[in-house]
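Taking the form predicted alone, here's one chain by itself in structure tokens.
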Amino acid sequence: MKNYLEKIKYNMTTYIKELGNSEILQLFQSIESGKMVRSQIIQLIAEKDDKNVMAISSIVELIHLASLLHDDVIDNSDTRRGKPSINATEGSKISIMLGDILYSKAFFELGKFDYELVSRISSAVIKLSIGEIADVKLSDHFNNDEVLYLDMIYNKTASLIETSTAVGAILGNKDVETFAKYGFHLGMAFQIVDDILDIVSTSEELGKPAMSDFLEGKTTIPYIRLWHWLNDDGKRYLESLHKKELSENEKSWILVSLENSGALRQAKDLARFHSKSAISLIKDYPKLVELAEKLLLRGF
């Protein structure tokens, strides 16, 4: 897998070199590539790494990187994967335009493929953008509607993972709908686990400040479940902490309340439900099971 991911990185760099702009290439190469989960998924499902699989993986990774560049501007994030973000080093305008360039190049390369692949990936990018808008709007106030939140994380996070599993199945001539369902559950669990880790992990483990989601206005599943458990005074107090730089006492109150209410446990149970649902669909593919367990059981 390591060799395959190195090929994807090389492929992506080649795409950016084709633009003929050294500044863009330098900025692109400064971005931390991360685990390239979507590429791993595509290859493991397709069970080959021919030029089509590598090209689609590279396209999906460019799309994912573009979305992160835009996301950092929206969230005013100074770090990404433990390093200074492009938003922090170059400013929001450069981050947005670099994201646009990556999207454009990805779609240029995607245009060389059959309609079904183009349609699925394009649809995922639309959902991703709709999810980003919903995330911004939900962050304007304390959101206590779990359905709205779950719909948002499906669009913003799970849809591209769902699409990665579907296109992997198309490229590998496997049952597309089964693998798409696997991707849906995997994507939902992946985001809910991230939401939990933002609360229970240290800043060093996260590569960003702990509880930064709440500071940015994101009322994730644990906070929503906690709000519904609290009495009216507790609800008002929790709402008063929304989008606020929290003191140690305020953080402690939230953590104790999350434990006492069972909200944290309930969020973990929801993540486990999606995790088990995902794994049950691909139990005959041990490498996919291993990847899913590695992604979903971290921190549990």
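Start at 1 and count along the sequence shown; that's the residue number. As the structure is a computational prediction, the values presented were derived from the model and not from experiment.
Omitted here: the form predicted together with ligand FPP. The next part is about that form.
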Practice task
Flag this candidate site as yes only if I63, R80 and D194 all have a heavy atom within 4.5 Å of ligand FPP in the predicted complex; otherwise mark no.
Solution key: yes
Fill in the blank from the handout: Only hit among W227, F214, Y103, F142 for heavy atom within 4.5 Å of ligand FPP in the predicted complex is Y103
Handout entry: One residue of Q40, S67, S275, S257 in contact with ligand FPP, assessed in the predicted complex (non-hydrogen atom, 4.5 angstroms)
Key = S67
Exercise for the section: Determine which one of 86-94, 173-181, 110-118, 71-79 lies within 4.5 Å of ligand FPP in the predicted complex, judging by heavy atom distances; exactly one does. Expected result: 71-79
Problem - Contact flag, E146 vs ligand FPP in the predicted complex, heavy atom cut 4.5 Å - result: no
Practice task
Find out whether any non-hydrogen atom of D151 is located within 4.5 angstroms of ligand FPP in the predicted complex, and reply yes or no.
Solution key: no
Exercise for the section: Decide whether S129 counts as a contact residue for ligand FPP in the predicted complex under a heavy atom distance cut-off of 4.5 Å. Expected result: yes
Exercise for the section: Flag V125 as yes or no: does it have a non-hydrogen atom within 4.5 angstroms of any non-hydrogen atom of ligand FPP in the predicted complex? Expected result: yes
Practice task
Can you tell me which bits of 216-232 touch ligand FPP in the predicted complex, meaning any heavy atom within 4.5 Å?
Solution key: K218
